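First comes one chain, alone, set out as structure tokens in the form predicted on its own.
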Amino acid sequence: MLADETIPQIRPVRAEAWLEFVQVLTGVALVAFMWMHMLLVASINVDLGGGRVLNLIARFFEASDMTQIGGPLIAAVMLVHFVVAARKLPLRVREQRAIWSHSLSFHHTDTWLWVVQAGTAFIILILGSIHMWTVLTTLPITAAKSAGRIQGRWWLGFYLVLLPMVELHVGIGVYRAGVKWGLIKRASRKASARFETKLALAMIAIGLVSLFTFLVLTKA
């Protein structure tokens, strides 16, 4: 009788462990993609906005079908990551008020990091989906086409919002995953948080320089 009573308790724990694993796995995949994507876009700076390096890289990915296959695959991974992570998000107004109240009373840095990560997740889901749809439905990718979009009326503001949201979410996500899985010990939390902050700021700086290059130096 005791064994039968423990079965319903074991299954939810095991399912939650698998969901947590999927969340971390998809998160790591998205972090790797975002950092690679940032560096590839930054290739526009190599020849000071001439676009030859970026165009060469873009043609390689498209000729190997990595863009056509990888784009929808990344979109699917992003959707799975959001759906799995959403089980912990306060979707109701009452839950949101409770989280906000507790965050104010706790004065706990990691709690605020979770709040920021949750908030940026919704922004990234919306703006990231718009960005991916726009890029994948207007192939091929070229420096001139990207510059023309950024030199448009509202796209620059769009990316100035999306860029810090992504890097904040990624940096906090890497830190929290390290803490959660025991890779970052209590004694090294502050040092790890400072490193992730510097890394996020560096990525934002690279993104801003690339936006400036598209805006000013590249001829659309």
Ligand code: HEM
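From 1 onward, residues are counted along the sequence shown. Being a predicted model, the structure only gives us computed values, none of them experimental.
Below, we refer to the form predicted in complex with the named molecule, which is not included among the displayed structures.
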State the residue from 46, 183, 31, 57 whose non-hydrogen atoms include one within 4.5 Å of the named molecule in the predicted bound form. 31
I'd like to check something about residue 53: if you look in the predicted bound form, is any of its heavy atoms closer than or equal to 4.5 Å to a heavy atom of the named molecule? no
Do residue 200 and the named molecule come within 4.5 Å of each other in the predicted bound form, heavy atoms counted? no
Applying a 4.5 Å heavy atom distance criterion, does residue 174 contact the named molecule in the predicted bound form? yes
Contact flag, residue 125 vs the named molecule in the predicted bound form, heavy atom cut 4.5 Å: yes
Under the 4.5 Å heavy atom criterion, name the residues of 139-173 that approach the named molecule in the predicted bound form, in sequence order. 169, 170, 173
